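Okay, here we've got a single chain as structure tokens, the form predicted on its own, with questions on binding and movement later.
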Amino acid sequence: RRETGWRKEKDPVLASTRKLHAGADGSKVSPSAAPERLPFCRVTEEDLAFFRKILPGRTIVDPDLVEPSNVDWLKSVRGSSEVLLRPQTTEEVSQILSYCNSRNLAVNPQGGNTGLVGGSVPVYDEIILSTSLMNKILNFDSISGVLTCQAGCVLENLSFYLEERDYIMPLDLGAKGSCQIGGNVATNAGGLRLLRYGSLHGTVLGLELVLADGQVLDCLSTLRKDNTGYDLKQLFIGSEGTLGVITAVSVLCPRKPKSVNVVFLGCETFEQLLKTFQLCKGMLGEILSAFEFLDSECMRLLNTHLKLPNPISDCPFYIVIETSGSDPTHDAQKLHNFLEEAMTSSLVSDGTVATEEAKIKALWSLRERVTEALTHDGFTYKYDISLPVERIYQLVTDMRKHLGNRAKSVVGYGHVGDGNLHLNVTSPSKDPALLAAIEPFVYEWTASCRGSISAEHGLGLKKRNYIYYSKQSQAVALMGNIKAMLDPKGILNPYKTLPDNLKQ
């Protein structure tokens, strides 16, 4: 059943996607590989003279300085751009795009370059447009909690700014020290607080962005409610820089909780973990802010590569639960009642509670640093899947059986609260045969459960051709029409997000 998948017979385009695994000549060509370069112009000395005029000292051509922006965080994708532009204002971005559009020069918008699907780096020689110097906080309304800032503000810096004013950001990611809010919005990043505060589709109130032809679109509203016409900003949230370059964001920020507790628990089975989640939702209710899990393989990698000790006894599954509230006594009582019930019901075999900041950080690091531990284990194939919550771990189990001893490690962790599994497979080095065994198996399995092949990382370069496992061909065609209307020359982040068989 899983080999066929529920969409395979229904959608002919899906069949053509599968054929990409075996090229026209029968050779193995991965759909995640780069397509041929499109006929964009190449940068000339005249182009550089224009850029230097509008960006004095911020037009970078030194190969050593450009190189870090050509390589993704995982070091799995490498572009060959020779030009890095660092604008500071929306007007400068507008001038750059207007010029590039007229010259048919491709542009790769880049924030903190922490993406995991090859969406943030050039594929060929696209000009890199970095938002790193667009890092000003424009306004904060302490009554409504609305923060307005430029796109290049680093998430952690925004968090520090808000915490001083008794507020927090509605999202929190392991990459918070380097990821930028513009990139977060462009990829619709999820993260650790989504269970409590929802996605950026809800918390982002307004955007300012520049379209491919240099036109500035000011939708930088700070209103909670605005029912006048189409909500255009939603089109750009999660569009991965393919429809426009986000230059400023207004986001609704929650008050900083007065009481935060983190619990680290161990379970013997995934079924017990799911029952603990049900119990948790019922007994903790409004103070529950995160429910994360990692398996014993993750713990092994944390121990081995990062020397992080297991704070409880060894278990097959571990849970990180966070509560956030306004009354420490009330929250502590609710937590105590929940833990007592979880222990008496034998859902949980061991656990520890943290209320002090240092211990809270130590417990959270066991979940946040899994990605880092994986980078030390070898070459990593990463999958970011949405599934019905009860099916989340079955995919990990089935993948282990499917791969046998071909993989070094197969690990599962993620956000139980919103049905998001991070499945990671490691091998000593890049292994095309292993990749062919993983894909399309992982996508067919996901499609058979009506899941999504990208829960929060986006599609980027690596997953663009797998979109049909999650979206019907009519929907993808409409996406192509929107792209063609907003960016008719296709200069914005080419080769990303949309599949190769969509001709513009």
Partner chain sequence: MSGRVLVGVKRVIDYAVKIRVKPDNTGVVTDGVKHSMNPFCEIAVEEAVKLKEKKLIKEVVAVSCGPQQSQETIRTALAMGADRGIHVDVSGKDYENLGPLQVSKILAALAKQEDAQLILLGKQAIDDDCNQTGQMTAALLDWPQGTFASEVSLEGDKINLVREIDGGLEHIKINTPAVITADLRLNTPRYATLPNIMKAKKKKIATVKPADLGVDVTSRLEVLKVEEPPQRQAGMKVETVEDLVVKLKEAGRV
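Residue numbers count along the first chain shown, from 1. Everything numeric in this text was worked out from a predicted model, so none of it was measured.
A second form of this protein, the form predicted in complex with its partner chain, is not displayed here; the remarks below concern that form.
This chain appears without its partner; in the predicted bound form, the one residue of 339, 283, 123, 212 with a heavy atom within 4.5 Å of its partner chain is 339. Contact with its partner chain in the predicted bound form, defined as a heavy atom within 4.5 Å, holds for exactly one of 355, 345, 80, 144, namely 355.
Only one listed stretch (422-430, 361-369, 390-398, 274-282) carries heavy atoms within 4.5 Å of its partner chain in the predicted bound form, and that stretch is 361-369. Mapping the unseen interface onto this chain, residue 260 counts among the residues with a heavy atom inside 4.5 Å of its partner chain in the predicted bound form. Contact check for residue 206: no non-hydrogen atom falls within 4.5 Å of its partner chain in the predicted bound form. Using a 4.5 angstroms threshold between heavy atoms, residue 311 counts as touching its partner chain in the predicted bound form. Contact between residue 350 and its partner chain in the predicted bound form is found at the 4.5 Å heavy atom cutoff. Taking its partner chain as positioned in the predicted bound form, the only residue of 264-287 that brings a heavy atom within 4.5 Å of it is 265.
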